[in-house]
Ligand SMILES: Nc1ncnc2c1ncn2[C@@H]1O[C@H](COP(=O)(O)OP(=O)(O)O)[C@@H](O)[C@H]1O
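Single chain ahead, by itself, as structure tokens, in the form predicted on its own.
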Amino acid sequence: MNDMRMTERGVDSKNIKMKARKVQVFYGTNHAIKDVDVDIEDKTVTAFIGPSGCGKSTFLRCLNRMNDTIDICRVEGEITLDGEDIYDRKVDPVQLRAKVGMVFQKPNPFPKSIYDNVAYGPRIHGLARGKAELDEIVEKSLRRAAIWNEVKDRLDAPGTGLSGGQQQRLCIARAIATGPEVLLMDEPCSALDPIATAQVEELIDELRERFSVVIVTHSMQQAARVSQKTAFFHLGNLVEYGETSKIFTNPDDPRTESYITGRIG
């Protein structure tokens, strides 16, 4: 059904960055995600919305194999990045996570300097041939995360000493320092105040010029502001996926309308 709708809308297959087909997730005997089909487009912000516990964060974590770290979790189906199956045995999850970066709900800078937080990924992946190249990657990442001007004179200070909003932008800089193609964000603003939230939302809009961004948000207003595509999850099912403006103004499924208007959730 989803496939058909996407084709009808004329999604350009060349623009598809990640593709999920018949994805199921089990936690032991609990069937958490059921038959999810979705195409994540390049240089687009895709929002996952839905009530708490509906599966949106669980599905997001399938996209960079974070669920591999949970013993009782089993993922079935197919997820591809640029046509390559990310669950293939040949794929190294560490290398995959350099391509599919992640920003978490609560800012989690390493207990290191601001510089070392950003330099960590490029160092372990061997992306810089020396100090000058590493300096360049750190500066570029901090600039892209819109925090360079605030921290450039104290790069040796601990990242944990920044404000919550600054810490989250530092974590975004850390995630993009490895040159990912996709950036996953799991409720990145839920621990932030309104001013910091506005800064991160503005940043998300800029980041989509370079990355495919997927954001899980409990705020429908945020989804409407930052995304071009929206996927609505309910009880482990992907109920509806399409243009954000259509999902919010003229959804196809009555469950989507009930959620948008506040009748469920």
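Just count from 1 along the sequence shown to find any residue number. Since this is a predicted model, take the numbers as computed values, not measurements.
Form predicted in complex with the ligand: not shown, discussed below.
- A heavy atom within 4.5 Å of the ligand in the predicted bound form is found for one listed residue only; from L207, A196, I40, C54, this is C54.
- At the 4.5 Å threshold, heavy atoms of T58 reach the ligand in the predicted bound form.
- In the predicted bound form, the ligand sits within 4.5 Å of a heavy atom belonging to N30.
- Within this chain, I124 is remote from the site of the ligand in the predicted bound form, having no heavy atom within 4.5 Å.
- In the predicted bound form, no heavy atom of A132 sits within 4.5 Å of the ligand.
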